[in-house]
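The form predicted alone is given below as one chain in C-alpha cells.
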C-alpha cells in the first residue's frame, strides 16, 4: 500500500483535481484506491457528492470530522473504516477489481486544529506534550488497521496550510506530491513547504526515538493549468516551470493543461474528468500519463 499526501501552500492550484483524477485513473486500472479529504473546504468530497446529499446523508455522522472527535476524546480512538464511502457514479465506470473509495471532509474541520493545539498545550504544538506522538500518529495508526490492508493506493488531499490536521496526513504518508500552477505565487512556497516537512520529520523522529520514525519522500511538483499556444506552453508558464530548477526539486515530466469546460463541470457530474465518457482526449491522455509516472515514482 502506497500512501501519498497531496499538498501546496497555495490554494487554487489544481490540488483536488489532481487527487481526484489520479485516484480515478489508478482505480480504472484495476487498483483499489482510497481518497481522504483533509481539507475543510471539502472540494474533493463535493467532487463526488452533491452538497444536498452531503448535508442529508454524511454531514452529521459519516465524515472525518466525527472521527477526529474520537481522536480528541478521553476514550480510545475509534476506527476510521466506518467512515469510508464508495461513490456510485465513479465506481459504476470502473472495471472489475477497480474500486475508488472516499473518506469525506466537513467544513467544521477547521476547528479541529484549535482543539488539537489545545490538547498539546498551545498553538506551537509543544514537543514536550505527552500527547505529541499519539495525536500526530492518529491517522497513521488508523490506516494501519486490517480493514485498509486491501488498498493499493491512498491519496490524502491536504489543506493549503501546515496546521495539525495536515501534519497527521504527512506523518501517515510515504510520499508527498505538490501540484502547482506555473505562476509566481504557486511556486513561491514550494521550497518553504519542503523545509516545513523536514522540520516536522526531525521533530517527530526526535520524540519518537527509539520507536518507529517517519521519512516521507518528496515525489515532486506536478504543473497544472498549463496554458498552451501553438508551439507549446506559453512563455510565462515555461519561465516559472524552469524556476523549480533553482530549487533543486524533482518535477514530473507530465503536465496537465487548463481546460475549464472539462474540469469546471466535474463536480456537477460527480465524475473526475478522466472518467467522463467522450471527453477531451488530450486532457485525459495527460491525466493517464501522469498516473503512469506516479506509479513509476512510487515504486522506486
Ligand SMILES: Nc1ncnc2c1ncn2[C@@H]1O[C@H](COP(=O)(O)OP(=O)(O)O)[C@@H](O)[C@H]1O
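Positions refer to the first chain, counted from 1. Computed from a predicted structure; not experimentally measured.
Form predicted together with this ligand: not shown, discussed below.
Engineer: Decide whether residue 258 counts as a contact residue for this ligand in the predicted bound form under a heavy atom distance cut-off of 4.5 Å.
Structural biologist: Taking the distances in the predicted bound form, the answer for residue 258 is yes, it comes within 4.5 Å of this ligand.
Engineer: Indicate whether this ligand has at least one heavy atom within 4.5 Å of a heavy atom of residue 225 in the predicted bound form.
Structural biologist: Because a heavy atom of residue 225 falls inside 4.5 Å of this ligand in the predicted bound form, the answer is yes.
Engineer: Does any heavy atom of residue 13 come within 4.5 Å of a heavy atom of this ligand in the predicted bound form?
Structural biologist: Contact check for residue 13: yes, within 4.5 Å of this ligand in the predicted bound form.
Engineer: Does residue 17 make contact with this ligand in the predicted bound form, using a 4.5 Å heavy atom cut-off?
Structural biologist: Judged by the heavy-atom cut-off of 4.5 Å, residue 17 is in contact with this ligand in the predicted bound form.
Engineer: Can you pick the one in 252, 67, 263, 46 that has a heavy atom within 4.5 Å of this ligand in the predicted bound form?
Structural biologist: None of the other options qualify; the answer is 263.
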